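One chain comes next, on its own, written out as structure tokens in the form predicted on its own.
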């Protein structure tokens, strides 16, 4: 792509980045699964991890979705402050989702919350979920993170009293223990601390996108505690229940302490593509 970014450029880039996210896991996620396979001593859990890795290999080789639940599509868009767009950016992304539903293909997952009527194309009121931030430069980056329901349904949020910081660890462990094998472990645990009711949940989801290899002491301690629960791969026992724990924080009201836990299955799918200048980077 050369010159200015057009509506069609964004539509095609959206289809491309969705296909990448659905068919190929990021290298840090694959490496974490491979380490889990090597470390796991339970033969049952190890066989499940082997099947997961084989599934990833086949999906990438055949360019087909790695899971039957292709999720709802959550986008994180970075817009360069010097970038000029003369078209409906959101409309282009939505059109890309419609095309990807047919071309990848994706399972139609978007339904009206009360009638449960399916739109048939993964779009509808509020979906896809598109989040915007502004950065320096003239480029446009589109990141997509498909989120399946099995893990999303196990996520939770609690408004703590500001004196209850010491209860956060227990809350995280209780959330994971209650989830058990439902979110298809080994899981990734995203935690949002602070902000407001809705900000904490967004922080927790963004935490899932962090590098799997980059954990601080607090996150490593939580990971260690989670892996003593014995849930294991697919809930069949073993020593690896979680692959990583990541925490994102924001300042909050003096009288409030929101904490959200967003659980992600082993298929921690996300990919990004950058448009602008003389190059397109996937």
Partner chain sequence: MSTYELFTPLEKEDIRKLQVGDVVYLNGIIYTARDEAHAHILELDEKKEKLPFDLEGMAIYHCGPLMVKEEDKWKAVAAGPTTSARMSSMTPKMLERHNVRALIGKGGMPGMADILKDRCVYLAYTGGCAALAAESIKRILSVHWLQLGMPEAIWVLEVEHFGPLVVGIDAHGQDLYEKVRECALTRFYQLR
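Numbering follows the first chain given and starts at 1. No experiment lies behind these values; they were computed from the predicted model shown.
Separately, the form predicted together with its partner chain exists; it is not shown, and the next lines address it.
Peer 1: So if I measure heavy atom distances to its partner chain in the predicted bound form, which of the stretches 247-255, 212-220, 31-39, 51-59 falls within 4.5 Å?
Peer 2: The contacting stretch here is 51-59.
Peer 1: Scan 159, 127, 177, 85 and let me know which has any heavy atom within 4.5 Å of its partner chain in the predicted bound form.
Peer 2: It is 177.
Peer 1: Is residue 169 close enough to its partner chain in the predicted bound form to count, meaning some heavy atom within 4.5 Å?
Peer 2: Yes - in the predicted bound form, heavy atoms of residue 169 and its partner chain come within 4.5 Å of each other.
Peer 1: Would you please decide whether residue 27 lies within 4.5 angstroms of its partner chain in the predicted bound form, comparing each non-hydrogen atom pair?
Peer 2: Taking the distances in the predicted bound form, the answer for residue 27 is no, it never comes within 4.5 Å of its partner chain.
Peer 1: Under a 4.5 Å heavy atom criterion, is residue 143 part of the interface with its partner chain in the predicted bound form?
Peer 2: Taking the distances in the predicted bound form, the answer for residue 143 is no, it never comes within 4.5 Å of its partner chain.
Peer 1: I'd like to know whether residue 234 contacts its partner chain in the predicted bound form, with contact meaning heavy atoms within 4.5 angstroms.
Peer 2: It does: once its partner chain is placed as it appears in the predicted bound form, residue 234 has a heavy atom within 4.5 Å of it.
Peer 1: Counting only heavy atoms, which residues in 54-84 are within 4.5 Å of its partner chain in the predicted bound form?
Peer 2: In sequence order, 54, 55, 58, 59, 62, 64, 65, 66, 67, 68, 70 come within 4.5 Å of the partner.
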